[in-house]
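Presented as structure tokens, the chain that follows is alone, the form predicted alone.
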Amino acid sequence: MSSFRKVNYSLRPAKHAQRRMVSELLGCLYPFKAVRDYQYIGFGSLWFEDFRLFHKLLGFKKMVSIERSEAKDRFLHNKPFKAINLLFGDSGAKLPEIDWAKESIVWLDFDSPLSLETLRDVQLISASCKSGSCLAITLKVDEAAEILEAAKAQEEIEHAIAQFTSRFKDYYGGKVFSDDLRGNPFRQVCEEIVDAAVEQKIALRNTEKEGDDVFEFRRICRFSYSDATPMLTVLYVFYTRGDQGKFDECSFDTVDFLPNMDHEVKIQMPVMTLKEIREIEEQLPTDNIDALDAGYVPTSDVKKFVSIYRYLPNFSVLET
């Protein structure tokens, strides 16, 4: 089933905040090239939310949305800008058609767990992208797909462990236990596997390179959030050693929500009324959260709100 039939991407506040945070990080790429001149490749779905936001905030003029749905006419009808080129088919089949000679920003925004197909996409981009390019990958990380497969086949958890170990043995050398396939441990395993997939392809890419032509990659940050299901997004930047100075100039760690490189950004939604939001917003920004007059809002929710309020959507209520 196409994901647009399962998820309304316009009604996910944590996802909205994440898109705005990612947009702020992408704006740091200007030492490599004017950000508006990058090409953006993503999965727009029926709502094209990331395409709308990035076109308006960052000015992308060349955007490619890969859709595996057969409802082509409906996607074309909902395409918000003529700058978007739609490619219909699986990402594994369509990514090779991209012109990788251009600086690219790619967001593989999956709503499914880690799979070998996912890693093939990651490795194709790692092997092909130009210096200064950026890759974000989003995965569902509540539990491994192998657990669901085992449950459907009425198999024990040991079957799921064996399947997972067999599938990802080329990327994960550690012993897998049942606790590793759910929750936070599974998220960490996914991070390690995606890292290994990128590292392998960069090492292969560098086989015949030397000096300034050698490719590097850095993991910029990790986002974790849940609008209903725990999700993980990892952001990488690729560059040659000759472009090390440009990478340093990006200064990603000067962005408000990123105190240091590779920081885990946890997007946690506070439980607050519109009135409470307005009252606290009137006191922001501040360097002293403890001094805020937050009324009856618990301190934990105040801290969550202050950490992400600039990136949240504007809420309003229409009553009849």
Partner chain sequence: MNENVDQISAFPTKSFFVDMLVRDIPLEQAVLDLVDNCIDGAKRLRGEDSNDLSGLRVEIQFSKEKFSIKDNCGGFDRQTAQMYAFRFGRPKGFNSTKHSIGQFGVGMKRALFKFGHEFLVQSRTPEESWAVRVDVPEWEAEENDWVFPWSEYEGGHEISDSPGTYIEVTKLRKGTATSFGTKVFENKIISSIKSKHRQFISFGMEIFVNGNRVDAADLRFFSTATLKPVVENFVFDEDGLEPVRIRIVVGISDSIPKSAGWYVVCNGRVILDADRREETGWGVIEDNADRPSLPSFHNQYSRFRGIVYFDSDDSSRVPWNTMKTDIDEDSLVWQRAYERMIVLARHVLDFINKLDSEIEDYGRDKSPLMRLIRNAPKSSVDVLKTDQAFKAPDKSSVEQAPPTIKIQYSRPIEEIEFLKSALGVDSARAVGERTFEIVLERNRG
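Numbering follows the first chain given and starts at 1. Fair warning: this is a prediction, and the values are worked out from it, not measured in the lab.
Just so you know, the form predicted in complex with its partner chain exists too; it's not on screen, but the next bit is about it.
- Residue heavy atoms within 4.5 Å of its partner chain in the predicted complex occur in exactly one stretch of 131-139, 99-107, 222-230, 201-209, and that stretch is 201-209.
- Checked against its partner chain in the predicted complex, the candidates 163, 91, 240, 126 yield a single residue with a heavy atom inside 4.5 Å, and that residue is 163.
- Contact with its partner chain in the predicted complex, defined as a heavy atom within 4.5 Å, holds for exactly one of 111, 249, 155, 117, namely 155.
- Interface membership of residue 175, defined by any non-hydrogen atom within 4.5 Å of its partner chain in the predicted complex, is confirmed.
- Within 4.5 Å of any heavy atom of its partner chain in the predicted complex lies no heavy atom of residue 86.
- Its partner chain is not shown here, but in the predicted complex it comes within 4.5 Å of a heavy atom of residue 169.
- In the predicted complex, residue 74 stays away from its partner chain, with no heavy atom inside 4.5 Å.
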